[in-house]
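Following this are structure 1 and structure 2, which are two forms of one protein chain, each written alone as structure tokens.
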Structure 1
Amino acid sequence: MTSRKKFAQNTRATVFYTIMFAVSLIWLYPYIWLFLASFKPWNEIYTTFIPSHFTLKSYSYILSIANQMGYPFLRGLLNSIFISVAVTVSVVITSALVGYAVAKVQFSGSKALFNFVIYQMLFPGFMFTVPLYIVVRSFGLLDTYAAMIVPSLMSAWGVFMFSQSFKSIPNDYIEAAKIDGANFFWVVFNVMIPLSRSTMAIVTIFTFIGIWDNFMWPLIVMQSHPKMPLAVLLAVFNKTYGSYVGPILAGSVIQTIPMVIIFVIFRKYFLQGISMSFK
């Protein structure tokens, strides 16, 4: 009786885990296919799943021959890294400082500031695409790195996240630091931020991935290939040379890998961020 019950339970568990693994593999399949296809000889891309032999032809094509055709992908990768890092560093620092003002400084505008941040988050970003283009254009910033970086240097969402996290830190910590003669920069960077490490990680990851993956805005403001981020360069290349499937897939791998690495390293914070940022 008990052994039969146990057997039934074991069978159920086996079926459950088999299904879960199968479905997980279906979800991973596009990535696996992409990765394998980028190393395939070009005539095998659609015909085999496992390539007969691995070749770097697609990578050498996208990194060197495409470069000679006016599509500098290595530079595109560096552009993406530069833009994403610059925006992320700025957003984290400014959000922490402004978040501190919202949460811990009792000044005449603190309520207005908090309400304004919430108000800003109400509007969907797409409403501002066209007018922001006109603003950036009127500053003469079209087709410059500044066009991609400057409008994202501060973020209402980042301020909101930091202020919520700072509010939960007792004032005693700040008072103690002040008695030791610390100014507020020191307090923010050496007391507040270390105490809200997971908020910092969440703001960092989501900002970085958001900018790395941003497509429409750089597509609109950038014209010259050498200054384009990887996503836009890849899209433009794909529009003109869509039949070069191998190199395009290699480009997609290069475009995706950094995000996957960041995700795998910081998965703990990523999971936290999903359940936290919407509460």
Structure 2
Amino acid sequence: MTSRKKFAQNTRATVFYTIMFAVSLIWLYPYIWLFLASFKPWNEIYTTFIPSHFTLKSYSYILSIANQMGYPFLRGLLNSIFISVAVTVSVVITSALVGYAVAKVQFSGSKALFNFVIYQMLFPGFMFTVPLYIVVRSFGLLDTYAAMIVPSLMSAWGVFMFSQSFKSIPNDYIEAAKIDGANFFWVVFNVMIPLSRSTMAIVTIFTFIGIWDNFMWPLIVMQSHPKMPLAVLLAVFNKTYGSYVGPILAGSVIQTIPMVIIFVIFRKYFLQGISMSFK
């Protein structure tokens, strides 16, 4: 009886893992196809799964020839990095400062401020696209880096994450720092943030990924090719030269590389962030 029960359990486990493996292959197939196709000769992109030989023609085209055609993809990659880093640094700093005020500073309206932060998280960002566009246009920021950076300098989600983390830190640390003469900023940057490194890492990773993957807003506010992030420049290139599939696939692979590197390095914090989101 025991052996039958064990056999049944092993069978169910084998079937379950087989199904999960098949589902994971289906999920991974588009990326595998994309990666292989970027190294295929152009005449084999749609005809074979494994290329007859690997070539860097698509990468050479997108990094050199496309630049001469007015599509500087290498600069687009640098633009994506610059915009993502600038927004991420700003979000971490502003979220920590506001989160500390919400969690530890007693003032009238603090509860209303915290509720407002939560209230902002209830609505999808695309609802504010039109009013935000009008504001950016009114300040003359269209087609500038500021148009992509300024609207994202603060994050309600970042404030919420830092405030929740700071609430768990005993006030004794703050009082000890104040006795030594520490001011508001010294306490935040030298006491609270070092004690909330996991939260800072999670906010950093998810903010960077969110800005890196942001497509719609840069597409709306940017017109100059040299200032576009890589994803938008690829879309514009695809609209004009849709028949050049190889370079577009190569650019798509380049677009994903930083995310893969970040996930591999910060996988621990990435999983922590997902688990904290469900709490």
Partner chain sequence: MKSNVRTLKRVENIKGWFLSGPYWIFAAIFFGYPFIWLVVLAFSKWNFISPRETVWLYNFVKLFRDPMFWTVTWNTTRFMLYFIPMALSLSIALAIAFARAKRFKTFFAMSFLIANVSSGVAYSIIFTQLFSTNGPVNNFLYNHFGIFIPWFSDPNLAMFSIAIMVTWKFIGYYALIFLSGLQAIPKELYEAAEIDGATKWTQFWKITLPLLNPSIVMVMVLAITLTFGIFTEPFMITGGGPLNSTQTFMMVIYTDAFLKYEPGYAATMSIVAAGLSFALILLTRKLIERKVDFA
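Because the structure is predicted, anything quoted here is derived from the model rather than measured. By convention here, residues take numbers in order along the sequence of structure 1, the first being 1. Think of the rigid core as the biggest set of C-alphas that the two forms share within 1.5 Å after superposition.
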Of these two forms of the chain, identify the one that is the form predicted on its own. 2
Given a two-part rigid split of the chain between the two structures, flag whether Asn238 and Leu142 are grouped together. no
Rigid hinge motion between the two structures - rotation in whole degrees: 9
After superposition on the rigid core, what is the displacement of the C-alpha atom of Pro30 between the two structures, in Å? 2.7
